[in-house]
Structure formats: structure tokens, C-alpha cells
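This document contains two forms of one protein chain, each encoded as C-alpha cells and listed individually as structure 1 and structure 2.
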Structure 1
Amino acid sequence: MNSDAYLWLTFVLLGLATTLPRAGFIVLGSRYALPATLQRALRYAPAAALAAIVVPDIVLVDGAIAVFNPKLAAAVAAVGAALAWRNPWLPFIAGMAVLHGLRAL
């Protein structure tokens, strides 16, 4: 784990990396606009980034790809619950239940 000062530095930089994208155009006003092509490309960044963080976490076990592992099965259950129902709690209940159920076997 990181030192305390390093963590706070991280938080401040993350804060800037959040507030500047959010406030940028609101503060500048409508005088400036992004090129349309760049806007279209940027729309894919959040989905690509979320998957780039999550997928390695659920398909790797000790650094090797494992097609059958409790985390991947739990992820499938959570995604299934999110697709099937609008209840915001169900993916968590389904995912955690599958994770613990398979680990208990």
C-alpha cells in the first residue's frame, strides 16, 4: 500500500482529472467546440476503459487466463441480472451469491 502523502497527491490529481473535463466547456462557454470527429471517437473511451479494467480482473487467475473460475461466473451472473432486471441491487446480490457459492463447493 502507498504512503499517506502519496495517496493524497493521487486524489488531488484524480480530482483535477475529473473537474477539468467536466468544467472545461461550461467555463469556456459555447465559443469553443470540439471537432465532431473527435467527439465521436471520445464516446468510446468510457466503455473501452471500463472493460480494460474489468476483463483482466475476471478472466485471470494468478496471471493466467482461466475460462472457468468463480469470478468470471459471478461476473456473468451480475451481467445477466443487470440485463434482465432494472433493480439496481440485484447484480450485486447475484454476483456475490455466485462467487461465494462456487468458492464454497
Structure 2
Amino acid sequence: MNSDAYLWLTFVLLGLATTLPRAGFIVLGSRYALPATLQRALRYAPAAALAAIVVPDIVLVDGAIAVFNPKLAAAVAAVGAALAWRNPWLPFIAGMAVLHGLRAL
């Protein structure tokens, strides 16, 4: 097989690997229910995925963990504002103010 055929085979297999698990829930519908424990665990999947994307960007600077960086301080300020007040805009404002203030220094 040449490299083009390998490339197309890879595309098709990756497409099937991403489509079949999703289609399984649609096709099976309500005929099959997930166990209650798994359903409770899946509620945390979006937060875990978001944390896996955001946390490395916050704590890493040039590929190394940096405890003192503006992004980490801004994230701490945003989380603190979110926990202290119920205003949905305040964490954004606090985080951006800290980030831009520390970058200006």
C-alpha cells in the first residue's frame, strides 16, 4: 500500500472511531440505560475536560511550571471573585485587571 492509501485508511478509521461511540447512544436510545454510578461520573466530564485544557496554560511558562506568573495570579483572582460574589462578570473583570496589571509591571 502506498502512503496515500495509508492516509485515507487512517482518516476512515479515525472517523469511525469518533462516530461509532456517539452513534451508539443515538441508535440505542432509551433501550439501554447507563448504570447510575457512570451517569453520576459523567456529570463531571465537561469540567474535567475544561480543566485539562486550561490548567496547563495557566501554570506552564515556556514549558516549565512557573509558580509566579501573571496568568496564575489572574486565575486565582478570578476564582476568588467567583467564590466571594455571585456576580457573573466580576471574575472576568478581576482576572483581566490582575493579568494586565502584572504584565504592565
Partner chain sequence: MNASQHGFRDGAREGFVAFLPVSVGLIPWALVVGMAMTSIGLTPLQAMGMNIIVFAGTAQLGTLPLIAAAAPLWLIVATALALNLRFVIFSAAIAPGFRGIGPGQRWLAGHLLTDGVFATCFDKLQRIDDPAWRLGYYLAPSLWTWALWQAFALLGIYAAHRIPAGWSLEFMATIALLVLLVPMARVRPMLIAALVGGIGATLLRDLPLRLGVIAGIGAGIAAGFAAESWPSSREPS
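Reference numbering: structure 1, starting with residue 1. Basically, rigid core = biggest C-alpha set you can superpose within 1.5 Å across the two forms. Computed from a prediction, not measured in an experiment: that's the story for all the values here.
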Which of the two shown structures is the form predicted together with its partner chain: 1
field: Residue shift check between the two structures, rigid core fit, Ala23 Cα at least 2 Å
entry: yes
- request: Kindly check if the Cα atom of Ala84 is displaced 2 angstroms or more between the two structures relative to the superposed rigid core.
  value: no
- request: For Ala97, state whether the C-alpha moves by 2 Å or more between the two structures after rigid core superposition.
  value: no
message: Please give the CA displacement of Leu13 between the two structures, in Å, after core superposition.
response: 15.1
